[in-house]
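Heads up, the chain below is alone and in the form predicted alone; it's given as structure tokens.
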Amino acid sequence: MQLYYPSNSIIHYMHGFTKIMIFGILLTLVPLFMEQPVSLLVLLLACSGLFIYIRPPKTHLLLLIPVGMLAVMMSLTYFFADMGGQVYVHAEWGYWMFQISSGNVLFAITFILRMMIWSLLFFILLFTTSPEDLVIGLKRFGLPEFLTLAVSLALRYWSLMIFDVKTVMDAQYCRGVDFRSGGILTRTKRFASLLIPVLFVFLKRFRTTSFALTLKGVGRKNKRTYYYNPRLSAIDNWAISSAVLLTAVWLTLQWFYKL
């Protein structure tokens, strides 16, 4: 499964540099300065609207489930510390302390809202940007060549690893291994049998990639050239100007009203 999927939304037509600037930097830093859950909730609703606007496939929507579960589980750690405020429930088990107070609830809610905002922004960026556009966008920030290459390979291997796991599962299924029936323990043992062949497939692919990069001279001092090098359009200039203006307005309101 590839994270990027083509569509006709305006966000899809933006340059990779524009989307990294807006969704990866500006809107990512704003939640760090928001102290009120109401402000974070408004920003979360705005990000949710953008996420719905790009119309991701159902398979991509399923990625929000583990992110939400992880955010809830990590927020529970705040209840094992004293965050101040009125205490509602307090319990101690030796060295462990658990309490529910107004401060703990506030910090937990703030953490969940920030995690969901960052996750939606991350998915919007990856769902609407191809790996090539993402690398070109990073290059415009003046990042070193090895860093952009690492990002490109990571995005490429995401889809390749999923494809390799599916290939190994199909091969095992043809040999009589059924992953769809049996109890939890039986299925766990069957899925564990995939580890060794999948590991060898990954190592083989890593070796092939290493040979290919060596033959192409990656790592030398000479710079790489790109056949695909799109330029910023009027949509990008408008989007960046609007994002910077809205960020400046919000910073002004934050300065006076402590939102």
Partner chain sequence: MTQLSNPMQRGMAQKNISARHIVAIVISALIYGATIYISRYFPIKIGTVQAIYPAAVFAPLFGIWFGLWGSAGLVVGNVLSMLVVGMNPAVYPLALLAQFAMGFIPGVMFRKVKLESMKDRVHFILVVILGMVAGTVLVALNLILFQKVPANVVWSTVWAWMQVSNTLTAAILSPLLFTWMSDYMNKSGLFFKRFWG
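In this text, all values refer to a predicted model and were calculated from it rather than measured experimentally. Positions refer to the first chain, counted from 1. Superpose the two forms; the largest set of C-alphas matching within 1.5 Å is the rigid core.
The next section is about a form of this same protein that is not shown, the form predicted in complex with its partner chain.
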Open item on the list: Please tell me whether any heavy atom belonging to residue 126 falls inside 4.5 Å of a heavy atom of its partner chain, as the geometry stands in the predicted bound form.
Closed with: yes
Task: Contact flag, residue 55 vs its partner chain in the predicted bound form, heavy atom cut 4.5 Å - done: no
- [ ] Evaluate residue 63 for contact with its partner chain in the predicted bound form, applying a 4.5 angstroms cut-off between non-hydrogen atoms, and reply yes or no.
- [x] yes
Open item on the list: Given that its partner chain is not shown alongside this chain, does residue 73 nevertheless sit within 4.5 Å of it in the predicted bound form, heavy atom to heavy atom?
Closed with: yes
Task: Candidate from 98, 157, 88, 141 lying within 4.5 Å of its partner chain in the predicted bound form - any heavy atom - done: 157
TODO: Determine which one of 232 to 240, 245 to 253, 5 to 13, 21 to 29 lies within 4.5 Å of its partner chain in the predicted bound form, judging by heavy atom distances; exactly one does.
DONE: 21 to 29
TODO: Output the sequence-ordered list of residues from 148 to 165 with at least one heavy atom within 4.5 Å of its partner chain in the predicted bound form.
DONE: 149, 150, 151, 153, 154, 155, 157, 158, 161
Open item on the list: With both forms fitted on the core, check whether the Cα of residue 46 differs by 2 Å or more between this form and the one not shown.
Closed with: no
Task: C-alpha of residue 140 off by 2 Å or more between this form and the one not shown on rigid core - done: no
Open item on the list: Please determine whether the C-alpha atom of residue 55 is displaced by 2 Å or more between this form and the one not shown following superposition on the rigid core.
Closed with: no
